[in-house]
Every structure is written in C-alpha cells, then in structure tokens.
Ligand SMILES: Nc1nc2c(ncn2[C@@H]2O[C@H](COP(=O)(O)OP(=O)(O)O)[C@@H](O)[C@H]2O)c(=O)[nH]1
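This document opens with one chain alone, in structure tokens, the form predicted alone.
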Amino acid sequence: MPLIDATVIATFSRRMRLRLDDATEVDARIKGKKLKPVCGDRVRAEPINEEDDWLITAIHERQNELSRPNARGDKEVLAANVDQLVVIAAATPKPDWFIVDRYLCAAELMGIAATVVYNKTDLEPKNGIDAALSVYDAIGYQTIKTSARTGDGMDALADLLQQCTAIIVGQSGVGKSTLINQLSDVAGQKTAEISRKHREGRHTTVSSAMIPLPAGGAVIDSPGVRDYAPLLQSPDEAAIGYREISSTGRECRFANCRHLREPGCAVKEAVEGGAIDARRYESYRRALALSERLSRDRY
C-alpha cells in the first residue's frame, strides 16, 4: 500500500494518534529514533502488515513550530503548523505575566496571531486585571475574559478559534482543558478515550491532543507548565519577540542597540516616558539574558 498523508492529533511519547486525510483515525508508531513528530505535524505513514498500528516514516516540512530549550539547551518542539496561540492566565493560580510574555514572544517568532485570555472571572481576585490586560490591548493583542462556569466570554473565544488550528497554553491549573471542553462537546470524551486506551502496558498518558471544534478548526490542548521560555537563537530574536520594543528600536541611534545601556536608545526613552510598559521591558531584559545564556551554552 502506498504511503498516506496524515496529521498527528495526539502524542504519547513515541506513540501517536493520526487522522488520515479521509478523516479515519489510526494509532501509529515511529520508524527509527531520529523522527520526532509532534501534535499538528503532517506526516507520511503506512499500515503495518497484520497489525492495527501504522508506521510514521517521514515528517513534512513544518510551516512553524512552538519550541523551547530542554535541560541541555537543545530545541524541544511542542507543536507544529499552528495558526493561533492562545495563552491563558487566571484568577488562580496567581497570574505570572512574565510567562504570558514569553509565550507571546514565541508567537511573534513563529509569525502567528496571539491572544491573551483571562479565565475564571467568577473568582476573586479581580483587582488589577483590567490594567494588566490593557497593556496587551495597547500593543495590539486581543484580550478576552472568560469563565467556563458562567459562560462569560465563551462566545468571543469560540469566534476567535473558528476555522484555524490553535494551541492553548499557560500555567498548570488555569483551566485550559475545561475551556476546551466547553468549546467542544466531544473534547472531554475524546481526551478520556485516548488516555484510557494508551494508559495500558508501555503507553504513557497524553502529552498533547488536537480537539476538533464544532464550527471548524481545532485546538491543541498542551500540558500546563510551571514555566516556559522560547528557544531564542540570537539576542536579536529577543527584541523581535516584543513587538513594541522591535518597532521603537528602529529609532535607536545604533542599529545593533540591545536597549540596555546604549546612548541614544529610543526604547529606554520610551520606557522612561511611559510609552513602553516597564514590566514588559523587564520581561524583554529577561528574554535577552536567556538568549545570551543559550548562546554561551551552545558555543
């Protein structure tokens, strides 16, 4: 049988769930040790004689990839071929806006749209949330406030996700899976079914899963994190990942300005004048330090 194109819709370490182009879903394993498919990948696969499993033999070129550095500083890809990144913060756990910034930085480097969602609006505390979200509104990011319990903002979130492939990310406990279950009436059943089936034997629990949405499109439900950092190949990428710093930086005296202590730095002037949010600037400084550390470790 000839090789068939398919999309990876769930990952379990070296085990995969594929959706073929005719909408059939099959289980698969990976040929060799060098291939590392992730959720969202387009792959070539073939059935294995006298087995239910299929075999993934190749990964098509990716349009983009969400990645992070692993413990050794090497690239770890989390998802591929995504149109939209939705980063969730919530009343609980306490929002870490630096994590939000780092996800937005990744979206900028991927060249995709990004949205900030504040979830659990039915819970306290609410103080300061509008001010925090207004920072993102001011630099062109869409923000939505939601509650799966009350339905607040769910229509706006559903409209945002129509006809695209999105990944929903954020800290552990912010309610990503609960929101997805509200958006798709098959999500809870689908993820439970996948988890049960692949919890047996040497299979692991689901690393990530792509859930179809009723109005078209799909969302990738990724595991929650305590922290996240994008993989930055150079200090220049740190500035590219912060859109207000990238645009203002064009006015700096020096083309290679890092926006730290250089004379004639338009970014520093904008921070001092309040045109660039001071916390976002501190977030950029941290990203820049990360990129420099990764560069040292790499070379």
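Note that this is a predicted model, so its numbers are computed, not measured. Don't overthink the numbering: it's just position in the shown sequence, from 1.
Below: the form predicted together with the named molecule, not depicted.
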Query - 4.5 angstroms heavy atom contact with the named molecule in the predicted bound form for residue 172 - result: yes
Query raised in the report: Is residue 122 a contact residue for the named molecule in the predicted bound form, using a 4.5 Å heavy atom cut-off?
Result: yes
Query raised in the report: Applying a 4.5 Å heavy atom distance criterion, does residue 165 contact the named molecule in the predicted bound form?
Result: no
Report task. State yes or no: in the predicted bound form, is some non-hydrogen atom of residue 149 no more than 4.5 angstroms from a non-hydrogen atom of the named molecule? Result -> yes
Query raised in the report: Of the residues 184, 84, 177, 81, which one places a heavy atom within 4.5 Å of the named molecule in the predicted bound form?
Result: 177
Query raised in the report: in the predicted bound form, which of the stretches 95 to 103, 136 to 144, 112 to 120, 208 to 216 has residues with heavy atoms within 4.5 Å of the named molecule?
Result: 112 to 120
